[in-house]
Structures are given as structure tokens and as C-alpha cells.
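This document starts with one chain, in the form predicted alone, laid out as C-alpha cells.
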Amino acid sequence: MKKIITSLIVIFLLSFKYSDVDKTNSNNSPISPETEECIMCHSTLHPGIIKDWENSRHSKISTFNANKKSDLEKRVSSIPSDSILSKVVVGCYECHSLNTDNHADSFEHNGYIINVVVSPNDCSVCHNEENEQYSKNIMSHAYANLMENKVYLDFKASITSDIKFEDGSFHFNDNNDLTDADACLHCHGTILKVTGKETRESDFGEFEFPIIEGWPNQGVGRINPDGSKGACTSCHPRHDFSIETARKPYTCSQCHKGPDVPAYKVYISSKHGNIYNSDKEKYNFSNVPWVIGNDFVAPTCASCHSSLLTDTEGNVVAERTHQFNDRLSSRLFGVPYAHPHPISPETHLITNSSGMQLAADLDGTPASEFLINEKEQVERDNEMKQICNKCHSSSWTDNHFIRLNDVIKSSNAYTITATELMLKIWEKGYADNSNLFDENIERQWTDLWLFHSNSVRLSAAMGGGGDYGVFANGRYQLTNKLFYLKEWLENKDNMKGKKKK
């Protein structure tokens, strides 16, 4: 009771500070009394958060008014069933009080039940279509696709483990959750698990908060306290949730910079990136739909993979999607061999003919039953070509895809050659294949496909990364690895022959 009385006094005093703030906006959508209370305290405690929210569209329009826009202009795909919720702007309370019965992180705070983490399921109250699309996206399953795949777990263990050198060899102790959270799971997402509660002192007195293991995190495959997967804030940062930020390539660069996924570096080096960096001040990053030729010229990541695009006549070129892979025919990176895109986003469920959790055998044969067929590949390529053809001739676009398909074949062929050498190394006992990544010679093989083949493929896929396909982590380094593997094997054979003599 003492805490509540203290809080009420603070709110009363702060109300004088906050009284000059307009409680409606240009769309005549009011701020709810609950959100007003949140703002009164948090404008002092967290002015950055409040300013972000004030700059957001959430603070300026209710879902009711947002739904009055034309279908192409809408940024919402569902309207809250609660009529009161639909009439106010989307504020602190409207997001942090949703579905509290399903949230393990819900707690009592100043007389309200709220949850710390706002999940995709919460956002789906207004963005149901986007949430459903995202749930079919490989990104939303990124945690399990790493942490429930033995092949990649072995790889992770060889990188993030506590490594000790004993008896002439390395020993990997893969149990450092904090390292994982700062490393691979920064992008793949952690599991947010409520382990208890703690009392913390604040400027307004003592408050009890849930203890959340794995927090903070905004990884694309984060497992939330309500059981949902993903974090909308990976691309739309709190608390302005800006579509402008999501459309700029810097956002994607956080997890797609390389060398394993050098998409951002290739993009910046490409002609698309050259034009973007020269003309980005002229772009309109906030318009919905995004009009090719008016709002932007050279594409960003979002143009090709996500945004609702129209031409200058209002014709839809590409529908908005949060699935991201439905315009992609092939999976190009993070795998030994490029292959047709997986049917299911849960790639950890894929097994090749040897029982390994990979979408291709080590000899390059794809696990076709888990992958889209050639017809679906053509349809997805055609979807992407519609975007390309708004700035390029059809012959330019078609030849671009012909080159890309050739690069996929040639880069896979390099990996096949390298793997044939590694198979001989394992067969002869020069390395132990119980973990494919924990010996230096195995790392040379891994570098070939994880870094250099990826650079070659992404350079070909993204409008031409130039040197990224050759000397900047491309074919030159790739062939160097082949020479190294071959000579390493020959040296081992020679040493073995000398010992026999």
C-alpha cells in the first residue's frame, strides 16, 4: 500500500510536468489513460524510449483510423476485437498489456498487469497477416535451426566453447550460455525464460520485476515468454518501430555482414549500393505502398525481399511479405552446397541420405524431398524478375539469372572437389570426422564453402559485387583452399610413406 501511495504522489507531481503535452494528435486519436500513466513516470526514467514512441506512427493514429486508408496504403492487417483498444493510439499499455495470461513474464506494476516482452503474437493483434507470414520464415525458426541441428551445434561448439589444451589436444566444453547469447544467438535468438522475481530500487521506490534468462535479445528466432518465435524489433527497433529503418540496408547488415553472409558488403560494393549511397537523401522511405521510380530508384534489401511495391501507375509489382523467402528460389549461404529453397522453415528437420541434418549429401546430392521443386523455383524467380524488370530490360534480367544459376553450379563444383579431398583425409585417418569442424584442416574445408563460395554466390545474386566474386574473399581464396587441401593430403601421404620405409 505504501508503494502504491508513493507512486500516486509521484504521478500527481509529474502530471504538472506532463500537462502541456497534447493528449490527442492530428488524427484526433486519444492516448489512453493507462498509457498516460506510463508516460508520466517513464518520461523521466526513460526519456529516450518516450521520445522514440512520440516519433512513431503508433503515437499518432489509432488502428480504427489506420483502417480507413485504402487497401494499398494500410499498414495494419487486422483490427483489435476490443473496440476501446481500436479507438486509441498504440501506446505503452496497449502493447505491454496484451495476452498477459499467456506471458510467463507478466507481473503487477503500479496496479496493472503487464509483460516485459512484446512478442510477435502481441503485434499480431494489429498485424496478423505479417505475423503469420513471419512464422513461415526461416528466420523465425533460427533458434532451433541452429541449436537442434547436430552439424551446426558441432560447429558452434568449436567456436564458442571454453577451449582447454590437455594431453596434446583441444577439449571443448560447450556450456557457456552467456557466450552463446553474445555470439551466435545474438542473431539467431535466445530462449527467454523467467526464472524468478527480484526487487529493484528505482527513482520512484522499490518494484518487483521478473528475472528473464536470455534477456536482452532481439534475435530473429527468439523464443518468447509466451511461446511465440521471433522478434519484430530485429527489423523495426523499439519504440518507434520504423518502417523507414527496416527499409534501409544498415538494419539488415547487423546479421548479414559476413564473411559467412557478406550480403551487406556485396550490396554496398554493387551498382545498386553505389546509387543508393549517392541518392538516398532523395528516397522516400516511409511511403506505403513503395513506388518504384517515385520513392526510390536503386533497390535496398527490403525492395527485393519484403516491401509492397507498385509502379507509378499504381499497379502492384510485388505484394508485401514477411516470409522473405517466397521470392527466393535457392538457398545460397550458410550451407555447404547451394540448393533449392527448403519447403519448411524448420530446416533442422531436414536430413540427407546419410542421416546428417543437411539439405544435401557431402557429395552435393540434394535432399530433394525437403526442397521446393523446379516449378516452384521458376515461379519464385519470376516473382523477383518482376521487380528487376521495372528498372532493367527483360534480356538484362534473364541473363542475370542465367549467370547466377551458373555460379551456383560452379561454386558447388568447387565444394564437391574440396569435399572429395576431405573424405580421403578422413578415410586415411589424418583427421577425425566425429566433429567436422574441430581440426585445422577441417576449418580450411569449411572456409571454402562457408566464406568463399558464399561470397561468389552473393556477388552473382545481388547485382554484381565485383571483386567479391574474385579477389575480395571470392574465387581466388576459394581456389587457394583447394591447393592447400590437395598439398596437405599429399604431404601426409609422403610422411606416411617415409615412416613405412
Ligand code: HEC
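Since we're looking at a predicted model, the values are computed, not measured. All residue numbers refer to positions in the sequence shown, first residue = 1.
Just so you know, the form predicted in complex with heme C exists too; it's not on screen, but the next bit is about it.
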| field | Which of 381-389, 411-419, 425-433, 361-369 lines the interface with heme C in the predicted bound form (heavy atom within 4.5 Å) | value | 381-389
| request: Find out whether any non-hydrogen atom of Ile49 is located within 4.5 angstroms of heme C in the predicted bound form, and reply yes or no. | output: yes
| said: in the predicted bound form, is there a heavy atom of heme C that lies within 4.5 Å of any heavy atom of His400, even though the partner is absent here? | reply: yes
| message | Is Phe241 part of the interface with heme C in the predicted bound form - any heavy atom within 4.5 Å? | response | yes
| field | Residue contact check: Val297 to heme C in the predicted bound form, 4.5 Å heavy atom | value | yes
| remark: Checked Val407, Ile223, Val194, Leu146 for heavy atoms within 4.5 Å of heme C in the predicted bound form; positive is Leu146
| field | Residues in 62-84 close to heme C in the predicted bound form, defined by a heavy atom within 4.5 Å, in order | value | Ser62, Thr63, Ala66, Lys69, Lys74, Arg75, Val76, Pro80
